[in-house]
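Below you will find one chain, with nothing else, as structure tokens; this is the form predicted alone, and questions on how it binds or moves follow later.
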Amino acid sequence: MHTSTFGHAPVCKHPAWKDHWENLYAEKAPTGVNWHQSHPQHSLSLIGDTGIGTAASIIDVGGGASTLVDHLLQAGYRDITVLDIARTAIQRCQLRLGDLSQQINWVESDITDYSPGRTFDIWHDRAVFHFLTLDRDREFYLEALHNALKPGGQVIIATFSDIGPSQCNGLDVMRYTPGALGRVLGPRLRLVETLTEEHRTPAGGLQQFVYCRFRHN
């Protein structure tokens, strides 16, 4: 079933963030942003590795214009929530999906403001967490994550690696090794798998990502 917070999204803790991402998606096509992937292989692989199967309930954090949702639908997943701070990104994705967009739960929200009204088997985040450079914002994120996960749920987070860029689209980022990411996320999340990726941007540059899959205790 399709639902959306459009028209009554919560007050954003970081209006400058929202303006930044709305402007970026207004100026660039989804295929032109640095993190675009036509086939998000590592994310799909790690989601498969959870062993939960297509009955899994999944939230894709920051997935507004990502193609991950397309591939999940094609694979048979039907309980999918996509959250993004930028309405423009969500609308671009909805336009791409057409009638299939009605099968997705769309949430327009700053992740540090997000109050999940339900729980999920899998929390997926490619390239949101590394933008949280302040302790308090990481704490808000983790509060939302813990409230959103079912007991034994799994978490997949991809960030720039320790040799990745120090900035992205004009914003500072944090860089992580798997161990450093695990320490920041805390003892309630147990690291079970890691992958690295040399991501080539649409402009031809290389960015190294580290993907980590955790099990929620």
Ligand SMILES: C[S@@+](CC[C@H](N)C(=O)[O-])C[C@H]1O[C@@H](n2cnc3c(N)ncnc32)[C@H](O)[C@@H]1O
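What you are looking at is a predicted structure, and each value in this text was computed from that prediction instead of being measured. In this text, residue numbers run from 1 along the sequence as written.
The following text describes the form predicted in complex with the named molecule, which does not appear among the structures shown.
At a distance of at most 4.5 angstroms from the named molecule in the predicted complex, none of the three residues Thr159, Pro178 and Phe214 contributes a non-hydrogen atom. In the predicted complex, the named molecule sits beyond 4.5 Å of every heavy atom of Thr81. In the predicted complex, the named molecule sits beyond 4.5 Å of every heavy atom of Leu145. In the predicted complex, the named molecule lies farther than 4.5 Å from every heavy atom of Gln91.
The closest heavy atom approach of Gly62 to the named molecule in the predicted complex falls within 4.5 Å. In summary, the region of this chain contacting the named molecule in the predicted complex, judged by heavy atoms within 4.5 Å and restricted to 95-103, 69-77, 115-123, 82-90, corresponds to 82-90. Contacts of stretch 91-128 with the named molecule in the predicted complex, defined by any heavy atom lying within 4.5 Å, are made by Ser109, Asp110, Ile111, Arg126, Ala127, Val128, listed in sequence order.
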